[in-house]
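This text opens with one protein chain seen in two forms, each one given by itself as structure tokens under the names structure 1 and structure 2.
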Structure 1
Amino acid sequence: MDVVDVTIIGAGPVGLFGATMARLHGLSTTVMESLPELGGQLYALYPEKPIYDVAGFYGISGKDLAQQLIEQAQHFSPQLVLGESVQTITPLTLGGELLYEVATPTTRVRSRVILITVGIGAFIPRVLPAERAELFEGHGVYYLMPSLEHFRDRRVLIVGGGDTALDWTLAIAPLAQEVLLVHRRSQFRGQDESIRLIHEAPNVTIKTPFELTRVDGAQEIQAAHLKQVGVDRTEVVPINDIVSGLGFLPSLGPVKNWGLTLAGQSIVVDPSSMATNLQGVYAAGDVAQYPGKVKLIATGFGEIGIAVAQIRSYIDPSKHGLPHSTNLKTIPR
């Protein structure tokens, strides 16, 4: 089995930039991502939302930033393993060298270094507490967003009272025939400006305090049952799609069993090197924790610079820091 220099676990923005930096500085790199798509939270949670605090872009959408990062990484041809969640990392010594065997249910990779960029971990959605909702998951009931175009001219029900639900309402309303925003409390928890815009949207109906209790339909969703909270009254409304804005439960999943020092759902690192407690294992991005940590894309990109410099000198101790990319004599492909 070939040995790669670095295996990056998680292909959100930070893992993707990690692939670019590792390859740019001459390290052979494999990226393993549990979702079938690259891009992490940018792609899965807020593809259409504009981001204003990534250097060099004014108001770039999550999807477009993900696309830029993917294109940049693909210039350097890292090996990609998609749709497979890394379950274990196992240390082994070969020819006196410490390596890790990184395993998904179907793939094994041997690697000198591991860079963990799993962000908030597996995206485990808070499940809609409605009868028969599970029958339509991925084709009518959505926890991860399909393309916005899917909702054109459709009747869409959005569940939730926080920013996620409000954001989806504002993103979907301009395309949809009608949007019903259902929340079990009378007050929303999101930003005032979003609430104001939703009240102004001509095709959005706010249903509070209501709960989604049942979904009707065979191949496709036909209707949703909405029960008024505290009152024995249920309305049945015709609907095509249901979007959950109930959010996700942070869960590191298998990462918890790898022997890393954890702080809640994060991995403790030394911020001067991004090294974890395990030799040859580094972490960056949302999952990495140290005093003063700020969970932003910009922070994660900076952490990648530190991590890749350290990884490069861990693999070849004669190398220190990182040369400016403008001074590189050859750019790997």
Structure 2
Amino acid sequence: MDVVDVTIIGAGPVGLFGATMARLHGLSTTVMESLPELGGQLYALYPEKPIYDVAGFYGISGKDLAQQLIEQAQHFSPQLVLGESVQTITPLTLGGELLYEVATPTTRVRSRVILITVGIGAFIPRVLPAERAELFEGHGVYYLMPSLEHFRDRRVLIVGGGDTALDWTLAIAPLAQEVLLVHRRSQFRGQDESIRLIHEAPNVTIKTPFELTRVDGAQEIQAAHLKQVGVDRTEVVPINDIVSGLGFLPSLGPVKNWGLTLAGQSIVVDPSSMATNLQGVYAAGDVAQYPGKVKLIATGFGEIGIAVAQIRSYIDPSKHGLPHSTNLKTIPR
């Protein structure tokens, strides 16, 4: 069995950039992803969500950002294993060298280094706590978004107070007849600029502090019941669609059995190297945790630069850090 330098577990935006950086600097690389396509959670969950916090790409959709990262990574031809979930990583010693055998139910890869970029892990939606909402999942109540065009000229209710709910509000409002943004607290937790734009949108109504308590309708949603928090007062509003901006419950799945030091559903790393407690195992992106961590795609990209520099030196101690890409004499393909 051949041995690769780096096995990247997770092919979301951070994992894809990891593949680019690893191959750019001459490391043989395998990317393993449980989903059947590249792009990870960004592509699967938020294909039309606008992304505002990646430098140089104001308002780019999740799908377009993922596609550009996919094209960039594929230019360097990493080995891909898609549609297979990694179950175990097993240390072994061959010829005095520490390696890891990375195993899915059908594939085994031997690797000098593992880089874990699984994001939040398995994505289980936070269920809307509203009576009868489950009757309309996928055809009126949306945890995974349909095409934005679906919302044209419709009345849309969006639930949540974080960046996900705010971003969906800004994306849907230009198409919808009316958008109601419902949050159970008086203050939003998202970016100030998003809040400002929502207040300026002529067809967006903010309902705070309110909770969605019931969904009415037969074949389609007809109305939503909203209860004011702390007050015995309920409103019934006509609605065609409900979008959850409550996010997803993180679950590391098999990762939690790999002997890593965890903090909740995150992997503890040294921010100076992105190294975990296991020799030769690194983590980056939303799954990595250290004091002061900010969970942004841009943060994950920076962590990849740190991790790949350390990985390169770990594999070949004569090489320190990363040469600037413009100074490379040859670009691996």
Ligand SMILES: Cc1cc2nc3c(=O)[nH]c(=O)nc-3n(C[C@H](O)[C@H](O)[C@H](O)COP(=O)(O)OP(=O)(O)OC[C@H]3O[C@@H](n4cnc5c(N)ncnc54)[C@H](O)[C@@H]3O)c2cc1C
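Throughout, rigid core stands for the largest set of C-alpha atoms superposing within 1.5 Å between the two forms. Source: prediction; values computed, not measured. One-based numbering along structure 1's sequence throughout.
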Structure identified as the form predicted alone = 2
Option at the hinge, rigid-body rotation between the two structures, list Gln177, Met145, Leu249, Gln228 | Leu249
Interdomain rotation angle between the two structures - two rigid parts, degrees | 33
Thr213: Cα shift between the two structures after core superposition, Å, came to 13.9
Supposing the core is put in the same place in both forms, how far has the CA of Ile124 shifted between the two structures, in Å?
-> 3.2
